[in-house]
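For this one, two forms of the same chain are given in structure tokens, first as structure 1 and then as structure 2.
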Structure 1
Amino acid sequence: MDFDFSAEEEAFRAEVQEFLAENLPAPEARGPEFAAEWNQKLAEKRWIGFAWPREEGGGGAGLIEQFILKQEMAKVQAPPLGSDFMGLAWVGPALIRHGTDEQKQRFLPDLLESRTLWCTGYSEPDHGSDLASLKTRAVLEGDEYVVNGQKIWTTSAHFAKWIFMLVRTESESRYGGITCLLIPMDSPGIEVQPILSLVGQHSFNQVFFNDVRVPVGNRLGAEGEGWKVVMGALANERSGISEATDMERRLEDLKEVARGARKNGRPALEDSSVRRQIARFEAKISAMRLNGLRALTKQLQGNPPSTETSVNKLIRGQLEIPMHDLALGLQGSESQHANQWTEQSLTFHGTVIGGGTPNIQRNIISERILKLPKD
């Protein structure tokens, strides 16, 4: 048991901190050119695709280096490593594991140099949490698949160039009948309709596929291997350290709100219940960070993290709700006004639900870890 980092690892941390101090302008000083310049600098460092093998153009980084880079980036609220989140998190690693040489050459350089944008087509109107029941069909006709069906909650589909999606090529086998296709979003037969979030923001979409023809060369992995392609063990660091660091920062913001607030005519921080609520958040956030280190250790020992991510995801839900509740409570009538906290108190629901609702995480934990009978 040792929570310290080696001298080499600490040196890398110092390098990251130095880079950020020199290259990352304050949020208000970031102009329209900023994103492109920033991505260029990150690409030169090979910090975009940091975990990918060097021969594929990545940084060849180990888990601890990834962990440190993410942690330092999160501390200063740096923008994400590369603007194509879905492409870098899902598409690249899947291509590296399952793609043909031709597919890799075609897609990986564009991903690393931020020249493309991917969306991912998993959820369907009737198959959200129960993803493996998806029904969008692809039928092989000659050397083309013909795709018909509908995807939903597709983030960025309205400006993505490509979609990385799961389709059903066979109906008998639940998991074995799923195939992964890479489809240009400008293909004839694709229609995108927006879904506005409860704050009126447009990031989600419904995507309709009507006789969309896809060359067989755009299939990733073999037919029926789609589930494996998506679920395959990613070499990505998955400790969730960015989330824990993010929560730490927001706890400091909450303390700041509490310092300025009054309750019943007295400073709010003289109220034990306020102090103890904040202290409970602090302990829980520590637990989240340490749970992440435990997941990291497991990964370092060669075991892909699995249910650990459900644990921290549930904790995040346990934190988001009462932290916003307290922040708004401390604001009193001010909480009727639109401000950073009131806005977040609406948008955090997206983070809590995305990737599986709290009840789904509870099912995963009780069925996979506690081995209780499936519901």
Structure 2
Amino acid sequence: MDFDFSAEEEAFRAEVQEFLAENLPAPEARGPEFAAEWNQKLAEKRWIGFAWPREEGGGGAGLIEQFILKQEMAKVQAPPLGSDFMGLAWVGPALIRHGTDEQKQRFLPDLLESRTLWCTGYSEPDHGSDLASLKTRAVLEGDEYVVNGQKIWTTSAHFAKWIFMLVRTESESRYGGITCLLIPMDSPGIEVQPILSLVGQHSFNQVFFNDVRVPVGNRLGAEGEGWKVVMGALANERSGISEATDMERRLEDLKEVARGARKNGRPALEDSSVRRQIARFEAKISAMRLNGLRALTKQLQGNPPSTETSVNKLIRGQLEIPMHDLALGLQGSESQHANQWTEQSLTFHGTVIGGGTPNIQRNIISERILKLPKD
């Protein structure tokens, strides 16, 4: 792999750095209007949906430029590109790949202009990450589907305007009987109930569908092709590089805790066991970054995101718990970091489970990468 950047790419990096220096205030200086103003500036530069085709309203950028943009944003902990992570990460790309012209014109501008919010209806009670076992049914009646069933762990369903959802339209085929629907969250028959975290936060929900009627025009892709639509969307979510960037930032926070902590009356970093743990974390995160770059290289060669990106999702799941355990063990209850790490330790489970549990990632790696038999 060649990790050198061309003169044009480095010029773009300088442009991003200049923009951030001029437009990104310190966190404490960001007022109530900052988010809207920030997203407006990003939209004017077409940096929201930066790698989407220009004919779809995006920036038409290449993968390298998109990587540079996100890398520079992450360095200064800038807010996200746009207000709708789920919509931009996989709903939009799925629409570009599978949507009709009418669907693209209806949904893509709102995503790019931060005017909407999407949630995703995947997991169900008793099935979790085994998406192919879903039971929520959609029966075609004339030019409408009638949807009945339940979704769970649905992030932001209490805020979302739309849900990007898998339903079962045929029982005989495990994968071929699944269809993707785009459903307004204010449709009659939808009920949202909160699922509170251990610290009382509300991000997850369970969503009930009672004879919800959905026009056929809101189906994304052909009937029975929902599995293909969503697997492409999840591959886009598991880009790999974003996982590494998040963990690099988390590691720097952990190092800051270690620098100010004491163990057995001495500075914590003088303890060899603490240094070894941090070194192991850094080695794994470096492996994540290089694996993400390998996936990026494949995409640059014209190949779509592959199941190899599950490696980074798995490593992140393996890092979250021991990193939090070390931070909590090093800091005292009066530390300025105590509340931050305590809260994160009670809420990181959504990151570990979301997009597929560690065991699901192991199954993907063993079956699709290592080609191991299922039995």
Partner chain sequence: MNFGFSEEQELQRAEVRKYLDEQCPMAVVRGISESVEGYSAEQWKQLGELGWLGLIVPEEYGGAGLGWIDLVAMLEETGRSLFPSPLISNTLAAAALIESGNAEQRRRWLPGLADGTCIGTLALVEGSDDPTVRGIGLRAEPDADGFVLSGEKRFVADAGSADLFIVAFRTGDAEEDCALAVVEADASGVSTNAVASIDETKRTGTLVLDGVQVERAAVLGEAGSGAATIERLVDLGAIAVSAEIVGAADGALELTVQYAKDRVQFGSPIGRYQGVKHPLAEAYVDIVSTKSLLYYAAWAVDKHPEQIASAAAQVKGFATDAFTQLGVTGIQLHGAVGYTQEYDIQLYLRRSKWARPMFGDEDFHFDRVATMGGI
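Note that the structure is predicted; figures quoted are calculated from it, not measured. All residue numbers here refer to structure 1's sequence, counted from 1. The term rigid core refers to the most C-alpha atoms you can superpose between the two forms while keeping them within 1.5 Å.
- Source of structure 1: the form predicted together with the partner chain.
- Taking 2 Å as the criterion, residue 185 does not count as shifted between the two structures: its C-alpha moves by less than this amount when the rigid core is aligned.
- A movement of the C-alpha atom of residue 37 falling short of 2 angstroms is seen between the two structures when the two forms are aligned on their rigid core.
- After superposition on the rigid core, the Cα of residue 13 moves by less than 2 Å between the two structures.
- For residue 258, the Cα deviation between the two structures after core superposition amounts to 2.6 Å.
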